[in-house]
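The chain below stands alone and is given in structure tokens; this is the form predicted on its own.
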């Protein structure tokens, strides 16, 4: 028995040494070869329908478009965070994100009020952010070199809605509500300014954080009977308001911005939602000629059609992946710094995405963005993607508009839909 143990010891020792060598080689091989991409969107709570769609769009892009980076010998890991549509949670998540040196970019957010303070944390740590949904002007107007977005702005979306409202023959008076957030109040103010410029009479302008019983707001509105109510807010609040206002006897039009662009609006408002107008910088993925395969793949992967901003999330992640490829090549096959990647992403030019051709201006806005006016056609949430597209307006970013003005070119073109 003693001799047998002596004979096994060299074999055991060899196996242990071999295992350590292999383990060490694996660690050395993997060191510096992991790339993490994070996202922040509301994955729980009343706004999770859109937030989960954003997460899914990023995930699908990494799965489908990460092959070149994997061929370069890098592992790509996706790290989604739930910001709960809360600035405090978004900032806390941002601090965790920047503390992980393997995270080189973040896709987010959905809410402007979450994006702005969170991006301050990213900026302090030179971490690239590409937003699929944030429309507040201050997101990019602060001039942070790490912040970019693939969608338009509320200082152009709000006026687009007001111009359309003014074009309706039986609309002369409007009442404007907002949800008191940076996004909702901002877009409502831009709507009000343009509505007045268009000759509409604004009978009221107020903010509310109410989410359940709107009777105290609805009764004064009914007394003045505006032709149209505009609500700058998010679908989980606006849907309940629309339902209660119609039940209370309001017979005019409802309108809102892209915050109400979600099938959950129909779920919450029921039949009262039919006929509602809304502007959006996204719209259903079906309006994009390049998105047909994406819709099929997304539906197969997640069991439902893509929600608004899922395609924009896909494009945001795709831009990050393409920038990573360019930065790694420029860096001799090695990982770039966060600062190098942010600079490479800002240099994005003529990227052919699902939602259009994207070139970032010096502030991180797309040089051109589309703004859509749609009308809800059904109370069935499953029919949300069938909403009628009334018009499509392409408008340059403020910086691009200045450039075009200097060259004497037109700045906007509206395309009515048949």
Partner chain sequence: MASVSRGLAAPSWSLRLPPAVRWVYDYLLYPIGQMLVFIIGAAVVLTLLAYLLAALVPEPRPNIILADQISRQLPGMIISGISIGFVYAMIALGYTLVYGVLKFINFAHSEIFMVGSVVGFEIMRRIADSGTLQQWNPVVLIVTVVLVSMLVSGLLAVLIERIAYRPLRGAPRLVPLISAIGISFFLIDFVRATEAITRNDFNLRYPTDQLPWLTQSVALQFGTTTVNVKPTSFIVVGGAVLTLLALNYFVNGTKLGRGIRAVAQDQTTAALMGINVNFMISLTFFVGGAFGGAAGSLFGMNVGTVTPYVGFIPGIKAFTAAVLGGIGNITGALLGGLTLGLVEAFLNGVLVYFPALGQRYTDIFAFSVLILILIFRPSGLLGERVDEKV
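The structure presented is a predicted model; accordingly, all values stated were derived computationally and were not measured. Numbering follows the first chain given and starts at 1.
Form predicted in complex with the partner chain: not shown, discussed below.
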Practice task
Could you tell me if all three of 284, 292 and 310 have a heavy atom no more than 4.5 Å from the partner chain in the predicted bound form?
Solution key: no
Handout entry: Partner contact for residue 217 in the predicted bound form: the partner chain, 4.5 angstroms, heavy atom
Key = yes
Practice task
Using a 4.5 Å heavy atom cut-off, state whether residue 330 contacts the partner chain in the predicted bound form.
Solution key: no
Handout entry: Contact of residue 145 with the partner chain in the predicted bound form (heavy atom, 4.5 Å)
Key = no
Exercise for the section: Find out whether any non-hydrogen atom of residue 185 is located within 4.5 angstroms of the partner chain in the predicted bound form, and reply yes or no. Expected result: yes
Exercise for the section: Check each of 73, 249, 199, 275 and return the one that places a heavy atom within 4.5 angstroms of the partner chain in the predicted bound form. Expected result: 249
Completion exercise
Assert contact residue (the partner chain, in the predicted bound form, non-hydrogen atom within 4.5 Å, options 321, 156, 240, 165) equals 240
Fill in the blank from the handout: Note: the partner chain not shown here; in the predicted bound form, the stretch from 220-228, 322-330, 275-283, 252-260 having heavy atoms within 4.5 Å of it is 220-228
Completion exercise
Taking the partner chain in the predicted bound form and a 4.5 Å non-hydrogen atom cutoff, the residues of 150-178 making contact are 175, 178
